[in-house]
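In the form predicted alone, a lone chain appears below as structure tokens.
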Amino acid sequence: MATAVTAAVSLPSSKSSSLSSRTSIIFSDRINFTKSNVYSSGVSVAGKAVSIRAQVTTEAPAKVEKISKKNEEGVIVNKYKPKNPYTGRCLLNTKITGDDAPGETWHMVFSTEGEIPYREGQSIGVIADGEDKNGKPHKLRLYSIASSALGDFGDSKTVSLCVKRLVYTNDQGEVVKGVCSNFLCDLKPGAEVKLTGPVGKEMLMPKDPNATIIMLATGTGIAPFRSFLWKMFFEKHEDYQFNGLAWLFLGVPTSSSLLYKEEFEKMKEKSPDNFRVDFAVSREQTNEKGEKMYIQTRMAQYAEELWQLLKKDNTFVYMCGLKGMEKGIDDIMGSLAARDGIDWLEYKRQLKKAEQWNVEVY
């Protein structure tokens, strides 16, 4: 608790002063410090420098609560855990890549009856049926949610995922199938599925409906951005109308691997001033130097524009997909920042602290 401070001040005699040669001045004030201390301080009284010596008792400064820029008010996490998962049903499961695409990706919708109240940008866990080699239930796998909070059917009673079937050949020449991805891709409508969550706050949308939102995705990393974009352009909300700029970069190996392409083209047609989309098809496209068109290669074509946007405090970057994309993007931004005499890695740390640089890679 702060205390009153009492001090005796000695003043030299002065013919022009009406004060006596020695005057005792009593005063009170509130002084807050981080620890108790005895201190000396110089002040001026009647134009003369004097010294004060006082005992102060400290009080801890009030804790300032951080206000998030993201839409995280009321967000629910971990309502359902592995020991008590929610049992939903598969309502729809369809392959969304072409037959000649390198790998299969499926879009699936599960019933939740509103019992898993997720937000755009969150994830859910899936526990595959069966047991592992030790006879224990399979561990959950997390997947980014690919639908808005209203769900694909608009009734807040479903959740959608975008899942690539994992199949590879190991060092012994054996074909290995990912347990959970194959379980999900093989689900038939009506089948039960054990769900956990929702989880995560890293990828939540910004509150500001006038923000610039730059979305960087490879493959199934498109999932959270589909949820963003449905809310922005396919739905009507009384408390939210997007008036900013949404700019999506999506990288895939072949044009037959482009996910939700028709949806994004409809959004572009509907809101040409608010939505931009750029695809990077690595096995079919090259830049002017003949280099394969990866997501960072496509971004490099707009590097200066992107850098100028990153200088604004209402620009938010979201990255989701393969971890390898990070280095290429850092290389682009690093060279641009250096031209302005800015250390990119330090600048990126500041953006992260301000919730303007958000990453979910694997």
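Quick note: we count residues from 1 along the sequence shown, nothing fancier. Since the model is a prediction, treat every value here as computed from it, not as a measurement.
Unshown form predicted together with a small molecule; subsequent notes refer to it.
Asks: Exactly one of Thr218, Ser148, Thr196, Ser111 has a non-hydrogen atom within 4.5 Å of the small molecule in the model of the complex; which residue is it?
Replies: That would be Thr218.
Asks: Look at the stretches 151 to 159, 204 to 212, 252 to 260, 77 to 85 and give the one with heavy atoms within 4.5 Å of the small molecule in the model of the complex.
Replies: Going through the listed ranges, the match is 252 to 260.
Asks: All three of Tyr294, Leu322 and Val361 touching the small molecule in the model of the complex at 4.5 Å, heavy atom to heavy atom?
Replies: Yes, each of Tyr294, Leu322 and Val361 comes within 4.5 Å of the small molecule in the model of the complex.
Asks: Please determine whether Ser282 contacts the small molecule in the model of the complex, using a 4.5 Å cut-off between heavy atoms.
Replies: Residue-level check for Ser282: yes, a contact with the small molecule.
Asks: Does any part of Lys231 reach within 4.5 Å of the small molecule in the model of the complex? Heavy atoms only, please.
Replies: No, no contact at 4.5 Å.
Asks: Please run the contact check for Arg89 against the small molecule in the model of the complex: heavy atoms, 4.5 angstroms, yes or no?
Replies: Residue-level check for Arg89: no, no contact with the small molecule.
Asks: Contact with the small molecule in the model of the complex for Lys268, defined as at least one heavy atom pair within 4.5 Å: yes or no?
Replies: Flag for Lys268 set to no.
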